[in-house]
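There is one chain below, alone, in structure tokens, taken in the form predicted on its own.
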């Protein structure tokens, strides 16, 4: 069954279908089957067969095929960007940026898998000195990936690419808001790598994702909200399926006394407003010290007034991909104003288009500060110093990412290290996501596990330890035939070797 047939519902056990529509116009982008538990299990069973052949290709064979896939994507960037623009709503240029980041990560994963995961000798230590010891990382078999709609290429491919490079097959369930992008990615794989069925897609709603959790995959990688993540974990717990959770954020920026205010303001506006604020690692809160607060607010509001959202490619950002997300934004704006905050600029919502909005004097207890907004809004709070900013930053239950602006390298690095987050940029925003060698993930309410980098490759493997006896010792300590005095002799040796340390 081809994926084109799957879009038409042919060959699938699913009689029910659902539509994907363009946020800008409401036009139907595609019609897709709602695949049920039987369909999903069949897809995982096929992937399990493909996984064995994929793993047998070895690191070099997989690298060659991943390179063919990244080449295919690189030659069709505009085609895919057009689809992302129609189905997700973001401007074509932003879609191109997302796809190019994806290609770079694909290249890194394929090129570094052997170095990170390949077998290597390790020291056996004193007690096993007559043995040789090896460590290697083996694939899990089939990895299930449930992807988001806000970055429908880059985010799921952060799991897919690294799982494939590690030797696994992947069954991908894209968001029901961007299924056409997910199907396109899988069709592109079939076109670029026709001899490997290691990457396939299933489409549907929440029940389809739940079925993937229960279908016997070796691991489930999920990206989405914390409430949905808890439901995914509960479903996976039924079969003790391990999970990787990439959840939401409420990322903060700290602007210190000595910061380059213009640069910080420019970065804050991009971090908050790009992709319509629908970025889990986007900046939603800024804590600016008293010394720079007024200048920073002036810079930010001037830049925000120059942004024009809309549905055309010339717009700074597009409409909300999910219509329901506008309700969240409205609730947060209303709560902020009711709590005593004021809107410095923006604050309007027309259909799915939300004006870029800057909020001032919003209490820390407001939903606009405590909860993930996922819209083009930014709260700016005056603080006494960077230490107060750090305390307020770390008081939030989320811990995905953040940023620090300071001209002092030592000071900025110290604040970055103490920020309760999986990732922090200094004098920039979101940069860590574009570095393939760096792990991506959060702490606390923002989830656990890592994609990208060496940690991302290991995330989709199991560590395998092997020892081999090289020669027999005169006294075998792990035998019932050992002499009675052997234990005392061993204790004396330990005292001589390690007892001097205090």
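These numbers come from a predicted model, not from an experiment. Numbering follows the first chain given and starts at 1.
One more form of this protein exists, namely the form predicted in complex with a small molecule; it is left out here, but the text below deals with it.
- None of 425, 396, 289, 175 but one reaches within 4.5 angstroms of the small molecule in the predicted complex through a heavy atom, and that residue is 175.
- Of the listed positions (32, 460, 440, 54), a single one reaches within 4.5 angstroms of the small molecule by any non-hydrogen atom in the predicted complex, namely 440.
- Annotated contacts: 205, 248 and 280 all touch the small molecule in the predicted complex [non-hydrogen atom within 4.5 angstroms].
- Interface residue remark: residue 108 is not counted as part of the site for the small molecule in the predicted complex, having no heavy atom within 4.5 Å.
- Residue contact with the small molecule in the predicted complex: residue 101 places no heavy atom within 4.5 Å of it.
- Not displayed here, the small molecule is approached by residue 374 to within 4.5 Å at the level of heavy atoms in the predicted complex.
- Residue contact with the small molecule in the predicted complex: residue 406 places no heavy atom within 4.5 Å of it.
- Stretch 208 to 216 is the contacting one of 82 to 90, 310 to 318, 208 to 216, 188 to 196, since its residues have non-hydrogen atoms within 4.5 Å of the small molecule in the predicted complex.
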